[in-house]
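Read the single chain below, which is given as structure tokens and is the form predicted alone.
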Amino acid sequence: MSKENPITLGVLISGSGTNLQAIIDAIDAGKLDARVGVVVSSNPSAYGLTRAENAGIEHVAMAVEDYADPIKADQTIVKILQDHGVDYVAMAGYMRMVGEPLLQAFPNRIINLHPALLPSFPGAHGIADAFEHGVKVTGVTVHFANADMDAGPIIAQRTVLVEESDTVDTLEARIHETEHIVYPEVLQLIAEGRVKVEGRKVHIS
């Protein structure tokens, strides 16, 4: 894709939306050849929806009861994304698994960000788990989502050193800073058509 024909992203969120903001800022700065077509939140009170509103981006809030049937919820999200012409789906703090309807609609086109060096410390508490384990190096992983939690093909990783003076909070702050850099960079590689998937291997040209 090019600046004249940018990719369209659908961004899935559940919370404050700091990585959504990083994507918006990268686009505004001309560092990411993309547009955000729609933001979908699993949490109606997520501050990320306000970020979308402030940026003039269409947004949809799903309610808890919408997820009573996860398959139906994913089918609803697929329709929203397709109605907005989404090419790639960026999970940005989306605290739900993506199911078969989404995976089938966007094969190798759903990207997730995880705050640890996968395959170590998967799940919702990657930062705290790594810290409590006593690792000296942790980091950030960007990967394609698949049917298993935090187990899809890895696109990129960035390390973050654990300092002796760190608390979970200070480590979390540095990991988030790293996320805000690496996620737009990876999305730009995708926008440039430089990311190819072969089985579990991701090749970047």
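Values in this document were obtained by computation on a predicted structure and should not be read as measured data. Note that residue numbering follows the sequence shown and begins at 1.
Note that the form predicted in complex with another copy of the chain isn't included here; everything after this is about it.
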query: Any non-hydrogen atom of Glu132 within 4.5 angstroms of another copy of the chain in the model of the complex; finding: yes
query: 4.5 Å heavy atom contact, Pro119 and another copy of the chain in the model of the complex; finding: yes
query: is_contact(Thr50, another copy of the chain) in the model of the complex, heavy atom dist at most 4.5 Å; finding: no
query: Non-hydrogen atom contact Gln157 with another copy of the chain in the model of the complex at 4.5 angstroms; finding: yes
query: Partner-facing stretch of 39-47, 176-184, 159-167, 58-66, counted where any non-hydrogen atom is within 4.5 angstroms of another copy of the chain in the model of the complex; finding: 159-167
query: In the model of the complex: members of 188-205 within 4.5 Å of another copy of the chain, any heavy atom; finding: Arg200, Lys201, Val202, His203, Ile204
